[in-house]
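Listed next as structure tokens is one chain, alone, in the form predicted on its own.
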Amino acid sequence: MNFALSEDHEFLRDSAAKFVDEQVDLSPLLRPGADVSDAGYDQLWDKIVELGWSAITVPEAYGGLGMDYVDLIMIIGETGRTLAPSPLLGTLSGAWAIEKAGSEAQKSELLPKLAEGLKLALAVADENGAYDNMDSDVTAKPSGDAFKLSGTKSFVVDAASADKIVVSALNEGRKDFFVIDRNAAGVDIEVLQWRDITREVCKLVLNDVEAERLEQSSDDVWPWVRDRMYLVLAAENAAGIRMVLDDAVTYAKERIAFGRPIGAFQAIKHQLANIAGSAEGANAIVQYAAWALSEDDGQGSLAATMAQSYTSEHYKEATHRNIQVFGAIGFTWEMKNHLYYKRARCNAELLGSPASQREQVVRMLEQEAA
């Protein structure tokens, strides 16, 4: 087992860092009433497509870059560090659903379009936020050669901006995956008042919407996709912890109180040391999860779930400590500290709480031991 970074990984990370540092500007979000559209959400996507990131993990056979998940976290780490507003998470999630559930013909038709800028979203959570509820979900009914979908999904990332949306729906007592056009008749999308204003999260209402069933749909699709979404969020979390650590350390060196930098006081040192410990742990667990998924290791699912649970919990704590170091100014609109605080709290709920992921880990270990 070797999940250390190579020179190629570091070069990719440094290139991504240079790009986002030049292109991402969060200052338009530092005022009341701002939303994701104020921070260049659509404009940044065009440049991301030019770099090929929209198809970074899509196999080369389908027109993608065919990179592995260690490569992916080099880029996600930088977009997470800068809270880069773009429909990248929705597109990655939708692409993975098509890759796992689509037939060869469907993959050959849809996946190459990602390199051209096709935007996707993935709708799995019900209106109450449940991902595995079989009682209240979108339902699918046959209609000629296609299907009609009706029902409601919520917490759908990047749905309003997507060209196509992959939707999980009940079909003859099982959950299958379907593709719909975002602009099809019967599609109603509401952008939710999401606490994290660097991300677009939506409610999706479907009323007899024509849909194409992904032919390889099975019970294995959602866990496979979920593991990769866990990895993306965990990579954002780990990078966010490092960012708020660096930010707090810089401030603690500059801010003078009682004739000394505040970083010289033990109370501040303890806060910074705790964040530093979280940053090291988060970085290691994310790299291991990326390696395990890339190698199709038997522990990949366990590693991704642990990574999301650990990093989301520690990201929340780190952003809280960061604001404590800054004092009252840290939670004013003019400072970006609150954007990281909100991203941390939302990342810890988007796919379920850290506690629910720890329950998943226990179930996995029990199954392994049985």
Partner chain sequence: MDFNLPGEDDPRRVKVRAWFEKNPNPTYAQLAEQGWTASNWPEPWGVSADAETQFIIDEEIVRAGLELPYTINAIALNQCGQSLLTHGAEEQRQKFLPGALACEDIWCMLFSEPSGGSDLGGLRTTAKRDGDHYIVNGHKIWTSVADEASVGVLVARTDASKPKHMGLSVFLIDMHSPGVTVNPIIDMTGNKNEYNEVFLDNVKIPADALLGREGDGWRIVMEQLQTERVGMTKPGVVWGMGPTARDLMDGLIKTGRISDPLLRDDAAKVYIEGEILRLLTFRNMTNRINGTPAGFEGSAGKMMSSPHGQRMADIAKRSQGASGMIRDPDVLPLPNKKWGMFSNWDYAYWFSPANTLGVGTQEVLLNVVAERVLGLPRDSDPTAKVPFSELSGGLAKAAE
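Residue numbers count along the first chain shown, from 1. What you see is a predicted model, and the numbers here were worked out from it, not measured in a lab.
There is another form of this protein, the form predicted in complex with the partner chain, and it is not shown here; the text below is about that form.
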Next on the checklist: Test of understanding: in the predicted bound form, would S309 fall inside 4.5 Å of the partner chain by heavy atoms?
Outcome noted: yes
Checklist entry - Would W291 show up as a contact with the partner chain in the predicted bound form if we use heavy atoms at 4.5 Å? => result yes
Checklist entry - Does any heavy atom of D8 come within 4.5 Å of a heavy atom of the partner chain in the predicted bound form? => result no
Next on the checklist: So in the predicted bound form, is the partner chain close enough to L245 to count as touching (4.5 Å, heavy atoms)?
Outcome noted: yes
Checklist entry - Looking at the partner chain in the predicted bound form, do all three of G263, Q287 and R363 come within 4.5 Å of it through at least one heavy atom? => result yes
Next on the checklist: Can you tell me which of 245 to 253, 226 to 234, 87 to 95, 193 to 201 lies within 4.5 Å of the partner chain in the predicted bound form, counting heavy atoms only?
Outcome noted: 245 to 253
Item to check | Of I323, V58, L339, V70, the one that lies within 4.5 Å of the partner chain in the predicted bound form (heavy atoms) | outcome: V70
Checklist entry - Which listed residue (L118, A130, V187, L272) meets the criterion of a heavy atom within 4.5 Å of the partner chain in the predicted bound form? => result L272
Checklist entry - Can you tell me which residues in 1 to 20 come within 4.5 angstroms of the partner chain in the predicted bound form, by heavy atoms? => result M1, N2, F3, A4, L5
